[in-house]
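Only one chain is given next, in structure tokens, and it is the form predicted on its own.
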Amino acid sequence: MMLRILLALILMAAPALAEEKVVAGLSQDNVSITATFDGTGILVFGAVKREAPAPTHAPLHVVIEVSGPPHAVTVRRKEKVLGIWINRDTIEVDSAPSFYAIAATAPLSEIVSETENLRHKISVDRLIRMVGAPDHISDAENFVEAVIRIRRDNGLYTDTGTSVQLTDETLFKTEFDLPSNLVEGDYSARIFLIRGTEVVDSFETAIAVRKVGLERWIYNLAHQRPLIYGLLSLAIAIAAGWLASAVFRVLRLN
């Protein structure tokens, strides 16, 4: 009995383990795509909430990721046959984010384990999903790498490295540049607290990217009334051609 009482007193005297939670926000959660839209920036900021002193067994790291709506992608590999480039192999990637950007307080490979990366799908290669590949294709991973490489070259996949600023293991912030060629849809911003290569907490919020004004009207017309859109496009092309011809005739007479 005395042993139980002594053990209870020791536990009561021991310092409480700090439960760390993310409290975060964005500088904007709505992005409007207009005719003059040439990209924008989003500031992600926040703090780590604790009710006890921070653990000291390992440093705290923060990973922040912004990703766009996922879509299926068809990837083709070309080969040169008799001097002509032709499509030889094709793989359907079931899901790949249309946009992806990541920033952290340290290189991702150094601060998070592969198990945690796979569980939370933090890196872009874990976000891309490909259920299966044809039996005759033995290097399906090369097609996933091709998607990443092409979209990185187009500015849609970016890694800003160690750009997250963390102050006193409490306050953090970073900024992402969203390019002009964004796909319309619901984007997500995810924040991970990592200590000892394990994710101790995460936070997710949405960013709405929408076309507005004339762009919205044209987009809706093309998808909801394709026949009217086609006839209108044809009429505009004919009118533009006639106007250009008339201007040319006037210039020749002068």
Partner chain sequence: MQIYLPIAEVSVNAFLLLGLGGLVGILSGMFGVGGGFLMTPLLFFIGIPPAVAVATEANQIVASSFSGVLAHLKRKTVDLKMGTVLLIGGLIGAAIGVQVFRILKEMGQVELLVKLCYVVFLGVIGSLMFSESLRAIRRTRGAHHKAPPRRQHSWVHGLPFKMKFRTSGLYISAIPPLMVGALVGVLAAIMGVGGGFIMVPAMIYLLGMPTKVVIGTSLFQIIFVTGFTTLMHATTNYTVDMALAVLLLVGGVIGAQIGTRIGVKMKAEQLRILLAVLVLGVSIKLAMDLLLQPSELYSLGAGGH
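Numbering follows the first chain given and starts at 1. Keep in mind the model is a prediction, meaning the values are calculated, not measured. Rigid core (definition): largest C-alpha set, two forms, superposition within 1.5 Å.
Not pictured, yet referred to below: the form predicted together with the partner chain.
query = in the model of the complex, which of the stretches 78-86, 163-171, 121-129, 106-114 has residues with heavy atoms within 4.5 Å of the partner chain?
reply = Going by heavy atoms within 4.5 Å, the stretch is 78-86.
request  = Examine Val66 and determine whether its closest non-hydrogen atom to the partner chain in the model of the complex is within 4.5 angstroms.
outcome  = Close contact is absent here: in the model of the complex, Val66 is far from the partner chain, nothing within 4.5 Å, heavy atoms only.
request  = Examine Ser180 and determine whether its closest non-hydrogen atom to the partner chain in the model of the complex is within 4.5 angstroms.
outcome  = Yes, contact at 4.5 Å.
ask   = Do Val73 and the partner chain come within 4.5 Å of each other in the model of the complex, heavy atoms counted?
value = Result yes; Val73 sits at the interface with the partner chain in the model of the complex.
message = If we define contact as a non-hydrogen atom of the residue within 4.5 angstroms of the partner, is Ile33 a contact of the partner chain in the model of the complex?
response = Answer yes; at least one heavy atom of Ile33 falls within 4.5 Å of the partner chain in the model of the complex.
Sequence-ordered residues of 224-247 touching the partner chain in the model of the complex, heavy atom within 4.5 Å = If the 4.5 Å heavy-atom criterion is applied to the partner chain in the model of the complex, 224-247 yields Pro226, Leu227, Tyr229, Gly230, Leu231, Leu232, Ser233, Leu234, Ile236, Ala237, Ile238, Ala240, Gly241, Trp242, Ala244, Ser245.
ask   = If you line up the core, does Phe37 shift 2 angstroms or more at its C-alpha between the shown form and the other one?
value = No, because once the rigid core is superposed, the C-alpha of Phe37 moves less than 2 Å between the shown form and the other one.
message = Given a superposition on the rigid core, I'd like a yes or no on whether Gly241 shifts its C-alpha by 2 Å or more between the shown form and the other one.
response = Where the cores coincide, Gly241 still shows a C-alpha shift between the shown form and the other one that is 2 Å or more.
message = After a rigid core superposition, would you say the CA of Gly230 moves by 2 angstroms or more between the shown form and the other one, or not?
response = Gly230: C-alpha displaced by 2 Å or more between the shown form and the other one.
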